[in-house]
Every structure is written in C-alpha cells, then in structure tokens.
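A lone chain, given as structure tokens: the form predicted on its own.
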Amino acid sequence: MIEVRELTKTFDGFKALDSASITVPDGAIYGLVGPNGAGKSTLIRHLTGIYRPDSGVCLAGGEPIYENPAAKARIAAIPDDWYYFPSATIRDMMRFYRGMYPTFDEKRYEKFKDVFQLPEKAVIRRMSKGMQKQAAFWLAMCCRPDYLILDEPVDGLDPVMRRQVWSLMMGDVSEHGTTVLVSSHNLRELEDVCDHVGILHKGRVLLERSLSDLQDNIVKVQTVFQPGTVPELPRDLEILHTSCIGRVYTYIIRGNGETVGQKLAACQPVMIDILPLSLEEIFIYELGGEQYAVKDILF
C-alpha cells in the first residue's frame, strides 16, 4: 500500500503541496487527477524519492521512501520526461535497470521484444517520442515492481500501443498484485482502467474514493415539466449545476441516483431521466462547475 500523510512542500514561498493525503490500496490502479499546477508531479517526485518532504510522510509498504534504497527497489516509475543516458541504447539501459533492481526479469525482457519491436541497439535519443515511451514501458515492467508510478504514461503512443501497454499493466495487477498510481489528463482513458480516483487541487486532495462510489454519488438528471410550470425543487437536493434547452432542464446533483429520482418525482415531471456522469464531468463539477467550464469569448 502507498500512503501519503499530511504532505507539505514549499518552493520559494509557493506551497506546491498543502497537507495532501492519499491512500493507494495494494493491487489497485489509482488515478491521480487535477488541473495544471495542482501538485501532481510534485507528489509523484515524493513518491519516487526525489524530493524530501518539508513535513508529512510518504510510505510504500509501510516504509518511508526518501533515502531508503530497499523501498525504492520496489518502485518503478515512468515520468513524463523519462531519463536515459545520452548515448544509451535500450540494451544499455536494460543493463542499468538490471543492476538497480534485484527483481529485474531478463526472460520477460526477451519476450517483450516481440511486443514492442524496437531497435534494441539504436540510440534512444534518436528515437521518436512514442518509441522512447515504449522503451520506458519495456524496461519498467521488466523490473517486476510492487509499485508502478506513472506520469502521463501513454502520451505520444498510438491507439494500438496504448491498448497494448494498458493490457500488460492490468495483467500485472491481476496476476501479480502490482499497485499502479497513474497521473493523467486523459480522464476518458483513466475511467476505463482505474478503480480508485483522487482529485488534487491547489496542493490539497479534494476527495478520494473508489470510482464506483464516486460515480454513484453524483448524477445528471434531465427533466421536462408541464408547459408553463417550473416547480421549486426540494431544498435538500444539492444542485451543482442547472441548464435548460427548450423545455428540457438538466441538473447536476450530488447524491445517489435512486434517492434523487424519488425526491424529484414529487415535483410530478412529465419526464425524468437519470444518467451517470463520466469522470471528466465529475472532475469539472467537483472543481467548481462553471468556474472550470469552457467559456465562450467574443471578439
């Protein structure tokens, strides 16, 4: 299990993390989401032992990560700006990873040649961004880590390879209990693979839940009322957003779909339709609704 407790980090007076706390259960795929500047990359650099916390703790398997080689040996990471030696080939980096990770699996490395089909002896810096990202996955997954930390992991990969690497990762989760934390702006993709989600905003964790609980706790409701009537909705409904097109009113309401439907039924609508929200929609409305909506600008 990965645990972050009351983590704070300040750079030149700017508080990048402000008492942030997350818990990533063993064998889970955890999606860390947030707007630009929320502190996601700073949090990941603590989880990989790069930054020393100003206060708070980062634990992997109950052990502190910073300056702890035993804990770091259980963690593999693919940052957005993956590091490799300037003149290194994939084979060179394989030898480096093999020396760093006692669990490095050379048999898996050989099998993955058929999966990634990259020129093993070509210099990495001369490869395209997508090929470099494939090489990063090839090496990281051969480390057989207990914890895999990913920052924008599939950025630059074509659709077929994106599906391939997600399939490999989910296979490791189900078969070996690998714990994955992934930060990405591609919320549609995270929705397909994650079972837990944490939303980070201005250095603080706004909420942290399983994806199923999150989607069960906020709904989109479309209603049509009798012509010329718009009844007052029950005051105990927590309405996050309201819009209207013609006679169709759309509400974003926090709460269980069945409970919300029963309360709205008392208003005797002509039609009521309760829809689940996507992770992207939940993200927008949890961060303040229209404050984060796309704005029309007139020139």
Partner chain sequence: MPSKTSFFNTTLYKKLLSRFWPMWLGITALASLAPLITLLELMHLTDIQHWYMGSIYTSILATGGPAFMLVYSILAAMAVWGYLYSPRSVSLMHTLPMTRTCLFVTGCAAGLSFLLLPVVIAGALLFLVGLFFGIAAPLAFFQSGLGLICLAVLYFGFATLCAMVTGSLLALPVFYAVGNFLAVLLDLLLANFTSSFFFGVNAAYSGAVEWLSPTVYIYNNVAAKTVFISDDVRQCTIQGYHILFLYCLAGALLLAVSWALYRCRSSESAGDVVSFRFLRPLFKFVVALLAAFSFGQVLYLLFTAVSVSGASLVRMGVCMTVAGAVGFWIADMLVQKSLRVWRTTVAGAGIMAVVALVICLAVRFDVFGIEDRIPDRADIVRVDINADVSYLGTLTFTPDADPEAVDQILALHRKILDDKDFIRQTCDHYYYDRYYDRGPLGEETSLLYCRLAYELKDGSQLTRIYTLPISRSLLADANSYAAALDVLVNSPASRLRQVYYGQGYAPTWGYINVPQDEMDMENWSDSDWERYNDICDLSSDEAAVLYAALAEDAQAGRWGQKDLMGGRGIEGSGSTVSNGGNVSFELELRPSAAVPDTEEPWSRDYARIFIAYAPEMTATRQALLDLGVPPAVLKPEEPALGGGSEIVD
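Not measured: the values here are computed from a predicted model. Residue numbers count along the first chain shown, from 1.
The discussion below concerns the form predicted in complex with its partner chain, not included here.
At the 4.5 Å threshold, heavy atoms of R95 reach its partner chain in the model of the complex. Proximity of Y51 to its partner chain in the model of the complex falls within the 4.5 Å heavy atom cutoff. With a 4.5 Å cutoff on heavy atoms, M100 counts as touching its partner chain in the model of the complex.
In the model of the complex, F85 approaches its partner chain with a heavy atom inside 4.5 Å. Stretch-level contact check against its partner chain in the model of the complex with heavy atoms at 4.5 Å: of 27 to 35, 270 to 278, 64 to 72, 229 to 237, the positive one is 64 to 72. Put simply, of I90, C194, A77, C142 only one has a heavy atom within 4.5 Å of its partner chain in the model of the complex, and it is A77. Contact annotation for 1 to 15: residues with any non-hydrogen atom within 4.5 angstroms of its partner chain in the model of the complex are K9, F11, D12, listed in sequence order.
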